[in-house]
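Have a look below at one chain only, the form predicted alone, in structure tokens format.
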């Protein structure tokens, strides 16, 4: 089944309440996906030349203070750390390949969830409502967020297999559905030197789209290309630092509903997770058409 949710706030005055508005959405979609959940939040970019690395520790409790000390000692690079339970984020000027190499050598069981100037990622296994409470989703601030609740059908239940999936910087994707040709996509990308972390079909779609963008496509152009390359059933909801994009496959058998007002754009697998939003009674509520790309920017 799985549930997807997304919220983009057009009015700056609402952005302090992003977490308060998004949390009921992901809680509600827990009935569609009780195995794991995740949320990607986009906010004010960190300064140019720096990146935010979002992390999740496999062991609980985890000594993030020691992790931070070891990182600064080994890399000789300062950077503040912000900790929430078994998640943390570091803002630093360390290059992505250097950070990945250090992490693999020093802390191989700490998972790099996302990297970018605007994105911060949270995901774990368990009931979505429990994850939201433990990671304090209601406190999150930002411009937009994309989330997912998972009912696993084709790969393991783990934080690594939870959505959103990321590739590159400031890009993520959540998926309701099933791709039938992920391994052919994967083999094609691996021949180009692109590495995979899981056997999940969604990762193939995410990395395909990010590869096309690195080749010069816009996200919308990459999606157009994917219609010829990705086979299966899907509702994809994607986000970059500047936009949120929704698309359904040609059969559109996986549910989606969108609502738009002057203040926000909201997307979900079911309307009931949107019912609490302000002004929903007068919103433009619609079912997205198959193979039509819906792109919203703030």
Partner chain sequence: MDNHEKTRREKHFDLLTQSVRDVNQFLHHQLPASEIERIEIANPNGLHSIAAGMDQDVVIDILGHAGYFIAGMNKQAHVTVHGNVGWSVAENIMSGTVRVKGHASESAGASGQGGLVIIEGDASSRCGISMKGCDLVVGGSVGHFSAFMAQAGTLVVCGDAGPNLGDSLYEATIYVRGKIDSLGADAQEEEMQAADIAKVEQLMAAADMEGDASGFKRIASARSLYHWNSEDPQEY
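Numbering follows the first chain given and starts at 1. Everything numeric here is computed off the predicted structure, so don't read it as measured data.
Heads up, the form predicted together with its partner chain isn't pictured, but that's what we're talking about next.
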message: Please identify the residue among 270, 260, 35, 27 with any heavy atom within 4.5 Å of its partner chain in the model of the complex.
response: 270
query: So which of 265, 246, 252, 230 gets a non-hydrogen atom within 4.5 Å of its partner chain in the model of the complex?
result: 252
- prompt: If you check in the model of the complex, is residue 290 within 4.5 Å of its partner chain, heavy atoms only?
  reply: yes
message: Considering non-hydrogen atoms and a 4.5 Å limit, does its partner chain approach residue 17 in the model of the complex?
response: no
query: For the chain seen here without its partner, which of 237 to 245, 252 to 260, 43 to 51, 62 to 70 has a heavy atom within 4.5 Å of its partner chain in the model of the complex?
result: 252 to 260
